[in-house]
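In structure tokens, one chain follows: the form predicted alone.
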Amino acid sequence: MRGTTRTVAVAGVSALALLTAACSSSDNNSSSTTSGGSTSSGSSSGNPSAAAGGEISIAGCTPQNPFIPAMTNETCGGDMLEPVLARLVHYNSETAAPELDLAQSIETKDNQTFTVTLKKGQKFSDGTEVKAANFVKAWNWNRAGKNGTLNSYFFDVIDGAADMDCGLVKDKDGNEAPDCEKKPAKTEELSGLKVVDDYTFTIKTTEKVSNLLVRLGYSAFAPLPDSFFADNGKAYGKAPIGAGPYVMQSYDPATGAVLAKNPSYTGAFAGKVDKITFKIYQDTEAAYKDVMANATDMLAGLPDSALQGEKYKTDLPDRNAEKPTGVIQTITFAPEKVDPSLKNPDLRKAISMSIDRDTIIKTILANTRTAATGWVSPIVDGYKADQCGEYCKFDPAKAKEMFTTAGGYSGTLTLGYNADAPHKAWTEAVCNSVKESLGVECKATPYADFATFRTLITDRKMKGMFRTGWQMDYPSIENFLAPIYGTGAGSNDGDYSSAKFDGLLKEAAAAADPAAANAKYQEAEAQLAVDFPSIPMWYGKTIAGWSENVENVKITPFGTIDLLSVTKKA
């Protein structure tokens, strides 16, 4: 891998380590240089000597959901929402190390009861002050079964979460599903959350949680203003009111969003420019051409044509950067209830072995990825190589043998992808590899845009196989396992469920030290190699490009451009 990046290793951060690092975050002036000539500082606020002001633009895509933190679990909406929000914890844009943001302190003696003290005077963009009740009410709303949020799973770790689930009712086909009208939840409040005073609240978890502090920087844990609850978030979803450095000035699903500096912001992570415009593109090639022409300022994730032969280095000399990131690409199988034809784990393993990852990475992705050997990114602490074993190694003979023994496949395999991002070439290459190895028809199937594609998946209407990718929410091995493969988790697109896997996650979360926790998480990942709910494809490396109009562009460990550090070139 190229670049002068540093490995992220903070998954097992202790409470004391977090507090120590966070309290010194405002004095962090260490710097490094990423490839492409962009200077980056340890602080997310970028180069303090750079000129402030001006307007910049970045290529974006169509969000799937309203801009509600508990409903936004995809990157198109998350990228737009990120600068609008502030949370208890902020992730350093260079290392992903957690730093205190809205929190003055987060204290615990046993990793089960946590006392959170807020900084005074921090405000939402509507001018109201951020108080303890804004966190408690937000987290209660996020977890309440009747609200059906995609990110409710993140709050299961807090006492009383199970009592907020609605009861199950059978439909006409005999399938059970939650029905909050017929069987409402026992309560709409988490018993593990208590407001002590305006600036203090406590969190009690179901059992010891070794990495709770690392999780609290995820967007779902953001506070919500009082106005959110007046109409259950309807107005907020269109025009979010956060406590972050920017406010969403306007949004049009056809064209994009405009963010302006939040006049009420007094935090430590202010942005440099006055305005940020997200321009929605249905085609990455078009976005890239606009960056080359200085019509759009930034693009995170270049098209295949620019990657081939490292053409982007000629197109954008001194205006590109790369960084290994906490991103993994996978192929997920439709839930058994949606499509039972792929339910056999051995059939899924055979398909995985039939894919020539290395050739696809070399010929299609210009060596900008690394073939995955498991389900966890190498940049997080706790990563263990070769967890997938032989099933992630290209072996057409063994794949054909296992495929035949598993009963084969009748008809045409489909591999769905969103057409508004550069997935066409590699998905077609995957299908060609499957066809050549197994002798079965395989078709890469495009869907118009990310929102359409993801809606079909979340509504459980997508059959066959489909492209899935995961950009870490927080830097932890747990984040690559629990939210994606835990039973009932919000991002569990294949409805995978394993009592053994869930039990190992529970043991890991309760472990007394980081090493013990990682060992249990690794055992849980090993169980994925048995059940094979998805196919690990490759680990991410983000390559970004920018126009001649901006400076101080850098890529975060999450694979995004740090918009707070970017400056307008004089």
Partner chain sequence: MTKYVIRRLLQMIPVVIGSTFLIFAMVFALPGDPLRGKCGERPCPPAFVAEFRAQHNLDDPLFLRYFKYLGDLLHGDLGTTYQGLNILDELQKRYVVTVKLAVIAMLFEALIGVLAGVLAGIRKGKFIDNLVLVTTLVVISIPTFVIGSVSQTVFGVKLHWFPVTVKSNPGWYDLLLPGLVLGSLSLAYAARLTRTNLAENLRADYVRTAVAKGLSRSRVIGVHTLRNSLIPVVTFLGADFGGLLGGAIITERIFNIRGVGGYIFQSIHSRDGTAVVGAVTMLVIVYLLMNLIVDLLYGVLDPRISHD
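Numbering follows the first chain given and starts at 1. Given the structure is predicted, the values throughout are model-derived calculations rather than measurements.
A second form of this protein, the form predicted together with the partner chain, is not displayed here; the remarks below concern that form.
Chemist: Wondering, does R454 line up within 4.5 Å of the partner chain in the predicted bound form on heavy atoms?
Modeler: Contact with the partner chain, yes.
Chemist: At the 4.5 Å heavy atom threshold, is R467 in contact with the partner chain in the predicted bound form?
Modeler: It does: once the partner chain is placed as it appears in the predicted bound form, R467 has a heavy atom within 4.5 Å of it.
Chemist: Within 4.5 Å, heavy atoms only: does D252 come near the partner chain in the predicted bound form?
Modeler: Judged by the heavy-atom cut-off of 4.5 Å, D252 is in contact with the partner chain in the predicted bound form.
Chemist: Does the partner chain get within 4.5 angstroms of any non-hydrogen atom of T200 in the predicted bound form?
Modeler: No, T200 sits far enough from the partner chain in the predicted bound form that none of its heavy atoms falls within 4.5 Å.
Chemist: Taking the partner as it appears in the predicted bound form, which of 355-363, 92-100, 150-158, 371-379 has residues with heavy atoms within 4.5 Å of the partner chain?
Modeler: Among the listed stretches, the partner-contacting one is 150-158.
Chemist: Considering non-hydrogen atoms and a 4.5 Å limit, which listed residue (F403, Y417, Y281, F228) is close to the partner chain in the predicted bound form?
Modeler: None of the other options qualify; the answer is Y281.
Chemist: Note which of P178, P345, P446, G488 lies within 4.5 Å of the partner chain in the predicted bound form, where distance is taken over heavy atoms; exactly one does.
Modeler: Of the candidates P178, P345, P446, G488, P178 is the one lying within 4.5 Å of the partner chain in the predicted bound form.
Chemist: Should the three residues Q64, A286 and F450 be counted as contacting the partner chain in the predicted bound form, with contact defined as a heavy atom within 4.5 Å for each?
Modeler: Verified in the predicted bound form; spot residues all in contact, yes.
Chemist: Of 289-312, which residues get within 4.5 Å of the partner chain in the predicted bound form if you count heavy atoms?
Modeler: Contacts from 289-312: K289, D290, M292, A293.
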